[in-house]
Ligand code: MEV
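Single chain ahead, written as structure tokens, the form predicted alone.
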Amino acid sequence: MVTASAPGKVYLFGEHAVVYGEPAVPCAIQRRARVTVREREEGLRVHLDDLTLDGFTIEYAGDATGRPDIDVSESLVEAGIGYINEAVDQARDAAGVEDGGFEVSVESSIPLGAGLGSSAAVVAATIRAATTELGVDLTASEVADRAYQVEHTVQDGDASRADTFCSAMGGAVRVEGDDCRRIEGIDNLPFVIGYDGGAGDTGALVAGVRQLRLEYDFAADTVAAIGDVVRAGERALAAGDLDELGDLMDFNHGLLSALGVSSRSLDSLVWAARDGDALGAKLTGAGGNGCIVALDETDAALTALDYTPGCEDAFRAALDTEGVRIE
């Protein structure tokens, strides 16, 4: 039996645009998914806990046929099952094993579908735990590559390497297409997270942006503009200019709103953080519902979010400089 963990993430800049080859800067945060894997004779038995849902168990011998009775969209449940199926297949492939069963237990402090990289963390931790259980020692970069293959399959080819590379490697990273690298010299950023209690449908939101780009040239220009914001943000990050980073986060949120991926609840949290004197605030992840990230060295934005109607949780999230690991 082996347990591995991997961190969630926030996007400083670049979500959605990264799918189209623009750069993005995601940052790992100190909230983790922990996955325990034990070999069994056949089939998969999966326990999911602490995903902002009532815990549930699914047992199946390949493709899941049962559905847990929980208050989330069926697409999220199916995607969650798909991520674990594909992660197990990647582990088998790495070990040169065609079949064989596993019992997989997932515990996570990362809200499901909320823009904090829960799926990437679970996938990276599952691959690391399962390959170790099978006697194979993968490097973090190998885990990142296999985790990307999982998300690429489950998300019908619309995934980028950003989430999975960040979760596997930890720290602040830069992703542009297949070019993925750690940004060295970043020890911490003063992140504050606000959570509206909901979950976005990543597949539907990514598909919506894709359709906009096909229909309207200005939507494609908006995606390209997000890439320009990221490049300006990289310069500000290198200079340690938090004020400029905050301004660019605000700009990035406006562009994401123009692409239709924000919501009234996310906008409410963004404006609450800004009114609380955050240096900047934006949604993080696919959008729809879920989380916003603010930059604030004081407690003002955190306090403002705590008193904002519709904010289910608000918390600081330190940068996690360590990626996937065996516990």
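Quick caveat, the model's predicted, so the values are computed rather than measured. Residues carry their position along the shown sequence, with the first being 1.
A second form of this protein, the form predicted in complex with the named molecule, is not displayed here; the remarks below concern that form.
- The named molecule is not drawn, but in the predicted bound form it has no heavy atom within 4.5 Å of Cys311.
- Using a 4.5 Å cutoff between non-hydrogen atoms, Thr202 counts as a contact of the named molecule in the predicted bound form.
- Contact check for Asp89: every heavy atom lies farther than 4.5 Å from the named molecule in the predicted bound form.
- The named molecule is not shown here, and in the predicted bound form it never comes within 4.5 Å of any heavy atom of Leu189.
- Relative to the named molecule in the predicted bound form, residues Arg32, Thr36 and Ser167 are all farther than 4.5 Å at every heavy atom.
- Stretch 281-289 is the contacting one of 264-272, 296-304, 39-47, 281-289, since its residues have non-hydrogen atoms within 4.5 Å of the named molecule in the predicted bound form.
- Taking Gln149, Ser109, Ser105, Gln155 one by one, only a single residue has any non-hydrogen atom within 4.5 Å of the named molecule in the predicted bound form, and it is Gln155.
- Of all the residues from 155-179, those having a non-hydrogen atom no more than 4.5 Å from the named molecule in the predicted bound form are Gln155, Asp158, Ala159, Ser160, Asp163.
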